[in-house]
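Below are two forms of the same protein chain, given as structure tokens: structure 1, then structure 2.
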Structure 1
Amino acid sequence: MENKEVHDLIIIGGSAAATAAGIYAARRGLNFKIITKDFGGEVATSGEIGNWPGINKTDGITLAGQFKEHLRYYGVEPEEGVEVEKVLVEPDGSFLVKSNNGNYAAKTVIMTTGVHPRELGVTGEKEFRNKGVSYCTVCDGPLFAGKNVATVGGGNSALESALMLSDIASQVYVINKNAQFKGDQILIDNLNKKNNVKITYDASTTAIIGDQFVTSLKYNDSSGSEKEIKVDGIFVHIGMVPNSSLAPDETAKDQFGQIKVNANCETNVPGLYAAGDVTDTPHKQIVIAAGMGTCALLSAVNYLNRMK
């Protein structure tokens, strides 16, 4: 399938930044599309949300649903199931977005592609993914009620994972490769109060063992001795990797692979913008992503106006 029409804008992604950009694009009357593998992104996998302005308390699935309804109010229906392979810069400065759904031609592109979980890279991890190995405690934690589980990681996401699991599972092991946690002190304090949580520091995960499903986790302790704990589930929270590989090869990135943007959400490639967690902007928050999506769209409009 080839999408021959040249759009003013293609928005790649389906979360807060894409929604904000889409709302403003619709209100400006642009000829545009939102294309995404699945709608919701990291928002949909978030648990309780209490910092979205105007809503005292909600959750990720609900908020993602509200994002989609807001787009529909303006007649925008994101194209889901679209996996972008690469964005190419054409000789005339326009863009060709290559995907499993054909090619999209556009004068401007906004990348709001977010991040994906960093893997441990140990034996058994890929084999037992979705068979006891999970990267989303909010999504899969409830499946392990009354069972023994482990959370691997030492930041806020790992702390939040362990706290949630402590209310669901029978026993929670926390495997932290560092000598201390790097997250918020209030989360650390709350986790230390849990009677069914055992924390191991200076521990390096070495293997995930199982049959049809996970049965245990191996790690080296601070002395270098290998230990094995019997668990039914393993939740990996060791950071995120930006989904930036599909950006044009000319795109500048930092040492972590994040797309570099300025205050206007402009990349070094004219007509290419980026917003949200895929960028080098600090403080990965839903409200910041939404603001960046708006900024990127308004910058794209200015670029289109100059083209005319």
Structure 2
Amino acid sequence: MENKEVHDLIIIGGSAAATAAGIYAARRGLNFKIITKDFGGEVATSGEIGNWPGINKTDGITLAGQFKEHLRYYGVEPEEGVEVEKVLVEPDGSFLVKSNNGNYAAKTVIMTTGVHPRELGVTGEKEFRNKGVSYCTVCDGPLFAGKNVATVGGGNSALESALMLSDIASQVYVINKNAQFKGDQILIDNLNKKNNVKITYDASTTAIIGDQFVTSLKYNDSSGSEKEIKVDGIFVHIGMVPNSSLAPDETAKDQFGQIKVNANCETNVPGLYAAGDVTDTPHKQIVIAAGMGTCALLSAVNYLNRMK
């Protein structure tokens, strides 16, 4: 399908940032579409959510459903099943969004394509995702009060995960595949002061075991022999991979492939905005993504007003 219509805006993605942008775009009367592989994104996979302001306790599926319902209330139906291959900048500065559903032409584009966690790639990891395996300690850590947990990783994210878990869980194991941490010294020092944290270096995770829920983690130690620790939760913090490869080649990214944005959610490409986890914002949270989606949309509106 070729779509020759030039939209004011194409929003790529289908989670909190896309929802917030879509709600504001509808209220501002823009000619726009939300296109996404599937609706819900990181929100829908979040399990229990206690930090969406105004809702004491919900879950990812429910909140994503409310987001979709809110868009529908404004007559916006996200186009799902659309996999964007590439966004191209046209000679006139407009955009061509190439997808498996044909091309979309647009004056502005907001990228809210999120991230995916780097996986360990071990047995049991996919099976026990959200059944003890988590990639977000801030989100899911509070669910493991008094339990035994493991953090896998060796950078700041893993250190912060382990520090947080040490205040919540009974026993925290840190499984670091390297001989030392790559994070900030002060975090390492603080972690070493904790008396319920056991750090294992040169430890390569080999399997995640469980029945209904995670029961243990297996790893090879520095001598190559396999060990098993009993844990209820496993927090994998070995990096996130931003879904940014489809951004125009002109787009400035940081060393992690995250799209660089300023406080207005503008990228270096005029008319191209980004919001949420795909950007270089340091904190990946639903409400931050929603705020950024709104910010990106309002910046896009100002850009369109100046174009008219």
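Take the two forms, superpose them, and find the largest set of C-alpha atoms that agree within 1.5 Å; that set is the rigid core. Being a predicted model, the structure only gives us computed values, none of them experimental. By convention here, residues take numbers in order along the sequence of structure 1, the first being 1.
- Each of the two structures shows the same chain on its own, and it is structure 2 that derives from the form predicted together with another copy of the chain.
- The angle of turn of the smaller rigid part against the larger, between structures 1 and 2 and from C-alpha superpositions, comes to 47 degrees.
- After superposing on the rigid core, the C-alpha of residue 202 is displaced by 3.4 Å between structures 1 and 2.
- Relative to the superposed core, residue 141 has its Cα moved 15.5 Å between structures 1 and 2.
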